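Given as structure tokens, the chain that follows is alone and in the form predicted on its own.
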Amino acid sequence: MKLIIIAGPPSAGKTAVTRQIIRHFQGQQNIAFLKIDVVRAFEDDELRQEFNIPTKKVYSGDLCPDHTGILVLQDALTWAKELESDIFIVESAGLCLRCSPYVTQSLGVVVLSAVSGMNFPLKMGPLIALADVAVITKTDLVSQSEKEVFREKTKEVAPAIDIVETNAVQGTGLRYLIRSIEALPDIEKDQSITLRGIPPLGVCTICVGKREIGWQNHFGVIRKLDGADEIFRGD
């Protein structure tokens, strides 16, 4: 079974890309789909009705959706394998821009919208840096020069990443993504699956419910106003 993990900011076109993948492989491969979102999601219902494939969804609630994905992925893989799936697609909301849902033995796909601003890729961090493929959508809505700048900014974050430019609704240009999926090895049962990269540093007192403002009222990982331009890095 091949594992594909798709992430990206809201309204970037993640489900449109997913729909094109399913449309291409339907009839050739058995496909299962998992949607991870925060409070509400309808994509699983839409894809199940449109393509008659097995789907599930998980709500993360107060948790980061990328963290939730890691917690449920082992069970999800077991579910997909029991269905004798050839391709398992996981679509994560990926909201905080510090986390990354990608794991080893998977194809990590980040979906970015070309209309989100030319400097937007520089704000995405691990969501781009740890992905294998960046699918840039809505390229028909920007100029050629804007597309080129957006592409270069994406490469600035992840120089080795493969870039696919598309209007995902029509599926133009996605043949390059399809080739990456076809070349993806199946999951090796005798090899573990682990999170790529280092997750965010621990939890702070705000994470566990302390509501007072000001660093003086907190302990653990704290930030002061002075030096706010520096990015905090844990060990």
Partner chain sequence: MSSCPIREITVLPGHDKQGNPERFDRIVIRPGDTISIVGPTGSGKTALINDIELFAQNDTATGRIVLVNDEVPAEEFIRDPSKKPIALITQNTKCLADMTVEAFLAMHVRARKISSPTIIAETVCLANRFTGEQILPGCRITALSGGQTRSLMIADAILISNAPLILLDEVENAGIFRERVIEVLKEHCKSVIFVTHDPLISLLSDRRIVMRHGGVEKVLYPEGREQHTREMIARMDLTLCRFRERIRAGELLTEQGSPQ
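All values reported here derive from a predicted model rather than from experimental measurement. Residue numbers count along the first chain shown, from 1.
Beyond what is shown, the protein has a form predicted in complex with its partner chain; the following relates to that form.
Novice: At 4.5 Å between heavy atoms, only one of the stretches 97 to 105, 81 to 89, 111 to 119, 67 to 75 reaches its partner chain in the predicted bound form; which one is it?
Specialist: The contacting stretch is 111 to 119.
Novice: Give a yes/no on whether Glu156 approaches its partner chain to within 4.5 Å in the predicted bound form, heavy atoms considered.
Specialist: It does not: once its partner chain is placed as it appears in the predicted bound form, Glu156 has no heavy atom within 4.5 Å of it.
Novice: Considering only heavy atoms, tell me if Tyr176 and its partner chain come within 4.5 Å of each other in the predicted bound form.
Specialist: Looking in the predicted bound form, residue contacts with its partner chain include Tyr176, since a heavy atom lies within 4.5 Å.
Novice: Using a 4.5 angstroms cut-off on non-hydrogen atoms, would Leu130 count as touching its partner chain in the predicted bound form?
Specialist: No, Leu130 stays farther than 4.5 Å from its partner chain in the predicted bound form.
Novice: Report whether the minimum heavy atom distance between Thr172 and its partner chain in the predicted bound form is within 4.5 Å.
Specialist: Contact with its partner chain, yes.
Novice: Taking only heavy atoms into account, state which residues of 120 to 145 are within 4.5 Å of its partner chain in the predicted bound form, ordered by sequence.
Specialist: Asp140, Leu141, Val142, Ser143, Gln144, Ser145, in sequence order.
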